[in-house]
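Only one chain is included here, represented as structure tokens and corresponding to the form predicted alone.
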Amino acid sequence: MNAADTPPVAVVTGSSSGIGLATTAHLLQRGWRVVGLDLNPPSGDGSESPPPDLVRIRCDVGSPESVEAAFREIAGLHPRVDALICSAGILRIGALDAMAVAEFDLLFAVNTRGPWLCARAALPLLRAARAAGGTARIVFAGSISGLRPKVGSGAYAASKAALHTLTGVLAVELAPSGILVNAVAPGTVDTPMMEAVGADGGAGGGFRPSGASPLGRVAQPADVVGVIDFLLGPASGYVTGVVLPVDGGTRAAYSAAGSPPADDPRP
């Protein structure tokens, strides 16, 4: 059966919160079948059944064993995967000289190694989608911090900068297979992760609370999901290896004398 004859299948990491949750809801609305991977169960009292086209699998994306087990289960459910969206991520703030080694390692395990592990595990299913006449896309959730780092979140920025590099190299390596690999680089997004950081305030680490972008607001998850949707669609068929800022103009220019705005929104 040609892939075009059946609903497309997406795997979304970090599917229970923030951008991952919004992406999952959007794809389900568009008629996709979605496998949601997350370390934590979705919020709520558990009384609501998941939509029929959504399967949830517990997965620690930083663990090779957990990722391999999750994708074995996915392969038993679906013969192919048309899209992998890696939105699972964590943020730890603090000065680099004061950050614990375990925290530094955790950032890279989740934010950098996790997407690589998931992409590697998904490749047989993505190639199956191409062989069946469909498309195959990988979209990583990077960060504007990986393009313009911020004091107080240097390790987080480094983990995202590394992910941006992996995006480009993987895109070229997979180009002969017809698998497109891109990343979105959001600025501040109104998600539970950013709310938690704002409540903490970054005391002692030089991290300033979030503020509005040059467009006068922070992003909503839907702002990022719209760009992810573009990267999954036919209009982006000749786009690969791109890291696309979704930041309301935050990175476009400094406000004055080479200094960021007083309400600098960079995460």
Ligand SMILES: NC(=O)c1ccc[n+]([C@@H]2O[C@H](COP(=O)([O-])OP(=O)(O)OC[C@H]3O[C@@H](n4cnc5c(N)ncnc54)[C@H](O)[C@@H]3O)[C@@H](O)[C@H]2O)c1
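As the structure is a prediction and not an experimental result, all values here were calculated from the model. Residue numbers here begin at 1 and follow the sequence given.
From this point on, the text means the form predicted together with the named molecule, which you will not see here.
None of 120-128, 94-102, 167-175, 135-143 except one has non-hydrogen atoms within 4.5 angstroms of the named molecule in the model of the complex; the exception is 135-143.
Under a 4.5 angstroms non-hydrogen atom cutoff, the named molecule in the model of the complex lacks Glu68 among its neighbouring residues. Using a 4.5 Å cutoff between non-hydrogen atoms, Ile19 counts as a contact of the named molecule in the model of the complex.
Mapping the unseen interface onto this chain, Pro192 counts among the residues with a heavy atom inside 4.5 Å of the named molecule in the model of the complex. Using a 4.5 angstroms threshold between heavy atoms, Val151 stays clear of the named molecule in the model of the complex. When the named molecule is considered in the model of the complex, only one residue from Ala75, Leu147, Ala162, Ile90 comes within 4.5 Å through any heavy atom, namely Ile90.
At a distance of at most 4.5 angstroms from the named molecule in the model of the complex, all three residues Asp38, Asp60 and Thr188 contribute at least one non-hydrogen atom.
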